[in-house]
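One chain comes next, on its own, written as structure tokens: the form predicted alone.
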Amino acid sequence: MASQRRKRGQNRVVRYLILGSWALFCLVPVIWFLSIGLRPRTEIITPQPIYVPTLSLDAWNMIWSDWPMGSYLRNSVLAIVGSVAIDLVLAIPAAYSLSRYTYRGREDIGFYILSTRMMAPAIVAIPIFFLFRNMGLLDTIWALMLIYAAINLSVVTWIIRSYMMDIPQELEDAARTDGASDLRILWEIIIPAVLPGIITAAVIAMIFAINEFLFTLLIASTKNAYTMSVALANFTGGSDGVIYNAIALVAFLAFVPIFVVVVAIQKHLSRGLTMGAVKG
């Protein structure tokens, strides 16, 4: 018995060492990026490698004093959270219809929804610019919410639909026998059952929205609606040249919120990534 416990303890230590080594390997690029953001600019552009960097808060002070980084961060959060909320409000009923109801052209509609994601963004960039200009929404957070939601709606709908198709039809039949309406079935049975899938779709939509640059640059013409992705472009030109430490620090600040969200909901996220993997 003692030998078995010792063996299990040794196996646990080996497992932790392997997992810890893998975690460190994955975090090295992030830590290196942060080290660049906390180094003086002269050490970054020097041709000789510096293995023991000198920590400096020059880039940190610059992005908060010379640039309205707090405003950029707030705009990003509002636009991303608002777009994900719009996507979920529209995608959940659409996914329920595509996965549960039988009507003419259902598969064609589903394919059309997904095909909108395959379109090159540059094709619709100019029409969208004039559309928002005529609506008076240029350079506003509302415009960013709408464009992010429109870009990611097809992906969110298709992901949630694949999860809903894994829910047994018998659950709904039993609820209808008890007199439940379709709306009540969706709210009390389907949504709780596919909650991990909904969380997964929301996180993917958040990542896509954070990485969106073309439409953000097209719509946000002033600092009133600039997001973190556009803020990065401010450090790549001008009389100061490319400010590498500021770029690294801003990119790290944009990475941290998503990393925290993924870690906080990793249980639901890992379950959601495995649901709907066969059907769909």
Partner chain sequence: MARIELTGIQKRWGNVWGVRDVNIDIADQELIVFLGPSGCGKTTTMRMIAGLEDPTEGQVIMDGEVMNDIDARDRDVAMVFQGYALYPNMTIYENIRFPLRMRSVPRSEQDRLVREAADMVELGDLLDRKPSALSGGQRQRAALARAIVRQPQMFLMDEPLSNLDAKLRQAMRVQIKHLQRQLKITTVYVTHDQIEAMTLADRIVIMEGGLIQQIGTPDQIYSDPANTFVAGFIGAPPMNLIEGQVKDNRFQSAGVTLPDLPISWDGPVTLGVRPEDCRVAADGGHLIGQVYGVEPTGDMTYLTLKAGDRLIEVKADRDYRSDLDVTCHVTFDPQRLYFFDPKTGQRIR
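Note that the structure is predicted; figures quoted are calculated from it, not measured. Positions refer to the first chain, counted from 1.
Unshown form predicted together with its partner chain; subsequent notes refer to it.
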Practice item. Could you work out which of G105, P192, P127, G136 is the residue within 4.5 angstroms of its partner chain in the predicted bound form, going by heavy atoms? Key: P192
Point to revise | Contacting member of M165, A150, A180, L90, with respect to its partner chain in the predicted bound form [4.5 Å, heavy atom] | key: A180
Exercise for review: Mark I123 yes when one of its heavy atoms lies within 4.5 Å of a heavy atom of its partner chain in the predicted bound form, and no otherwise.
Suggested key: no
Check your understanding: Is R176 a contact residue for its partner chain in the predicted bound form, using a 4.5 Å heavy atom cut-off?
Key -> yes
Exercise for review: Could you confirm whether L171 comes within 4.5 Å of its partner chain in the predicted bound form, counting heavy atoms only?
Suggested key: yes
Review point. R184: heavy atom within 4.5 Å of its partner chain in the predicted bound form?
Key: yes
**Study point:** Heavy atom contact within 4.5 Å of its partner chain in the predicted bound form, the stretch among 198 to 206, 109 to 117, 78 to 86, 184 to 192
**Key:** 184 to 192
